[in-house]
Each structure stands twice: as C-alpha cells, then as structure tokens.
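A single chain, nothing else alongside it, follows as structure tokens in the form predicted on its own.
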C-alpha cells in the first residue's frame, strides 16, 4: 500500500473501530428521533439526516422518526390568509387551521422525509398519530392567570398504542410519524407538540434513547453570558433548571425529562445544524449536545454509559 493510501485509509479504519462498542451496545435497540429545526428546511441537512437514519437501520438499530412542521405550517397558513394568534406561547388552532396543519404534516413534511429515506431502499413508512390509535389526545387548555384558556385544536396526549410501530419495526421498516392525534372524547383531530409526542413514544416503546434535533448546540450552562454547553445532567438537575429556560427549549427539555422518567436510559438534545450529528452522538466516544440521565441510585458511582 502506498504511503498516501495508508495515510487516508488508517483514519477511516480507526473511526470504524471506535464505533464498534457503540454498534454492539445499540444493536437491536429502538432509537426515537425528533426531526425539527433547521435540519427540516436546509436541503443538505435533510439529505444528511436521511443518510444517518438509514445508517442506524443498516447498523442494526431500530430508528423511529417523529416530526412536527412549524415553519411549513406557518408558511401555508399565511398563504391561505389565516392569521396565527398565540396565547401563552401556543398557536391557537382553529378547525380551519387544523385542516391545514394536518395537510402540511401528513401530506407534505412526512411525504418528503419518507421520499428521502426511501432513496436508500424500501424502508420508510409514513403514518400519523391517528393511525391505529397510535396517539390519542384530549384538548389542551393552558392556564393563564389562573384561568383555563381555549386555544382550539391543540392536544394533550392521553394514551399511546405502539402496536403499529412495533409491527413496522419487526418488518425492518422505519416509521415516520406526524404528531397529530385523534381525541377519544370528541372525535376531533388535534395538533400535538412533536417534542412531547416523541418523548411519549420513546417511553411507550421502551426506547434505548430519545434524540431531539434543535437549532442550538445543546443546553447552555449560563446563556447568554456563556456558550458553554452542559454535556450531561440528571433529571433532578434538569428539573431545577426548567424555570430558567427559554420558551423554545422548554418542550424539548420537558420531553427529555418525561422520557427518562418513563424508563428511557438516556435522552439527548443535539444540534441539527451539524451534518451527521446523530452519528457523531451515537457512534463516537465524545458525543455532542446535552444528555439527560436518570438520577444515580444511592451507592453507585456517578456517570453512566454514553
């Protein structure tokens, strides 16, 4: 082998070998990935995301993708001349707006993602929380100044049925799930926060990890005074920080908290603006972003597996 070839080949081999313990550890395990932020809009990031998810599947993991579609919904509502009203930081979703939400999520965002994944083989199957009662919801009424406020077709998850997802995973498929749900109370369809939906599905599926893609590097220790990222913290440490977090970060970190409290060994917030951030997080020693871990059991050393 020439010196030049050796120079390029060896680092590649080392990278593959570094992945070996993680490949062994995660083999056969379910990984729930919340797809969102810039990774959803930028064409190169979208293509890299699809490659990562297919790589996980081919490496013996069982990825499940959950997505929302805030920017796409906003654009379509504007096109239709529907003005978005917000109460308590949540979009008021009228029945007319809900029709558009459903159309955009299930008919546009999901279809595009399924198409990208299926460039690599007959892998992805799109579904919504409505399918096979995967997600059931009730109307979410936030409390503002001591009163419950009606914000329309915004749902709160009441139950999860993982049967359809498990059947797809058993068949070697990649489920791609839009975060909308039907209500058992009134039969209406509701828009559910995708971070919340991903966390609830991760817990119900007994996933190995929940990964939430964001547009930041992770959870900052002292934002805006410092851009130092907290690489790992326990659920109790996270609970203390929640009241101080920015509104966009709250559902993501609450989702991580819910997942780990629900038995998921780790939940991670990753920078979706970094190409292949999923592979870097799962298959390298360093990891990136912020990882949430269970509280240590008394008498055991602090730390834990990546």
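Numbering follows the first chain given and starts at 1. Values in this document were obtained by computation on a predicted structure and should not be read as measured data.
Keep in mind the form predicted in complex with a small molecule is missing from the figure; the text below concerns it.
Residue-level contacts in the predicted bound form: of 216, 113, 203, 157, one residue has a heavy atom within 4.5 Å of the small molecule, and it is 216. The contact with the small molecule in the predicted bound form, taken as any heavy atom within 4.5 Å, belongs to 245 out of 59, 279, 257, 245. Of the stretches 247-255, 260-268, 23-31, 46-54, only 247-255 has residues with a heavy atom within 4.5 Å of the small molecule in the predicted bound form. Proximity of residue 38 to the small molecule in the predicted bound form falls within the 4.5 Å heavy atom cutoff.
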